[in-house]
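Listed next as structure tokens is one chain, alone, in the form predicted on its own.
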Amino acid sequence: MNPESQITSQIIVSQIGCGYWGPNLLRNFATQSGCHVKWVADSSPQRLAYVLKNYPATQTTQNWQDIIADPAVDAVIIATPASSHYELAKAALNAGKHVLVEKPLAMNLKEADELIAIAAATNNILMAGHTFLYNPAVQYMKELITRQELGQIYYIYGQRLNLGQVRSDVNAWWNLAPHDISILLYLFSGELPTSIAAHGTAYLQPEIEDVVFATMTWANQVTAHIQVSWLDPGKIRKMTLVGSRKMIVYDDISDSKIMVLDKGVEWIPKAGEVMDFDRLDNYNPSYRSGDIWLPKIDNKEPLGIEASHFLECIRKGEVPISDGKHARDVVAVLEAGQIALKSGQKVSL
């Protein structure tokens, strides 16, 4: 840790980018104990004026290299367009800074793997901003799966839809799907799907798909179908998990974010028949519909939990939940999905 942060007992962080998502990151890091945001860099004078007005203790610059060159800076937060993540993260890591970079970590596996290697060589924390992993509702789902409350998971489907924000640098797949892919990999303890198929259409801009439907399959035959779109009449952030014992509906924009349903299908012997699972004609399906739980979920802001976790990992030298490996696997699925999207063929991972 640098001399300035030792004197103040604070971690000195700086942020590159303060556009759409940047102000949320800045707000959360500025309110963390034991943390000082020294710099914010952005090419827009208007965004820098916003920073100076609301965070007078933070310096501003239009040159991101000023942050990289400052030896007092312990960690760099990158909240810029996706295409710049690799270049900026590489520069920060090579300068001996810890890095929190917004999703996706990079635009291809080669870049992601290089960032992981640099972080290891320089002994710095590399963490991606997969914020939903710090969402108490997602963590609750993970606990239920770990305890096998759902039984065997059959399939999952999710929707991440809205009217906007339309992007021109990436399509809806790279913009929105990282959230759902990150959640799925977290729920399945990092296990990658074996294949992915995808279909999408570009309505507003040539070659930039506004809506994408993708289906992933795992080795254990679990299937996950996700739909992402920024061209939809309603805002939907929803995921449904169907298991052999119970089912979960996760609705991120609902007051009751998690609904656990004791529902399922079981096979029972027909009247007068003996149990013989080699003969399914001896059985009738029995449909179970039991209780519904709406568990109380902590309403802490996930981004605040993420910011605190990043700082704690720096202090203790711990591996983040959304570390380089997790972020790299998200990029692997995104890259395979992009190939499937453009080729119209199922792609193996």
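The model shown is predicted, which means the values in this text are computed figures rather than measured ones. The first residue of the shown sequence is 1; numbering continues from there. Here the rigid core means the biggest group of C-alpha atoms that line up within 1.5 Å when the two forms are laid on top of each other.
Absent from the display: the form predicted together with another copy of the chain. The rest refers to it.
Here the chain stands alone, but in the predicted bound form its contact with another copy of the chain, taken as any heavy atom within 4.5 Å, falls in 46-54 among 59-67, 46-54, 320-328, 305-313. No residue of the trio G34, Q139 and G190 has any heavy atom within 4.5 Å of another copy of the chain in the predicted bound form. Here is the short version: of L161, V170, L109, I116, the single residue with a heavy atom within 4.5 Å of another copy of the chain in the predicted bound form is L161. Mapping the unseen interface onto this chain, N123 falls outside it, with no heavy atom inside 4.5 Å of another copy of the chain in the predicted bound form.
Although the partner is absent here, V242 lies within 4.5 Å of another copy of the chain in the predicted bound form, judged by heavy atoms.
By the criterion of a heavy atom within 4.5 Å, Q165 is counted among the residues contacting another copy of the chain in the predicted bound form. Within 4.5 Å of any heavy atom of another copy of the chain in the predicted bound form lies no heavy atom of K90. Shown here without another copy of the chain, the chain has Y154, Y155, Y157, Q159, L161 in 135-161 lying with a heavy atom within 4.5 Å of that partner in the predicted bound form. Core-superposed comparison between the shown form and the other one: the C-alpha position of N123 differs by less than 2 Å.
Core-superposed comparison between the shown form and the other one: the CA of Q205 exceeds or equals a 2 Å shift.
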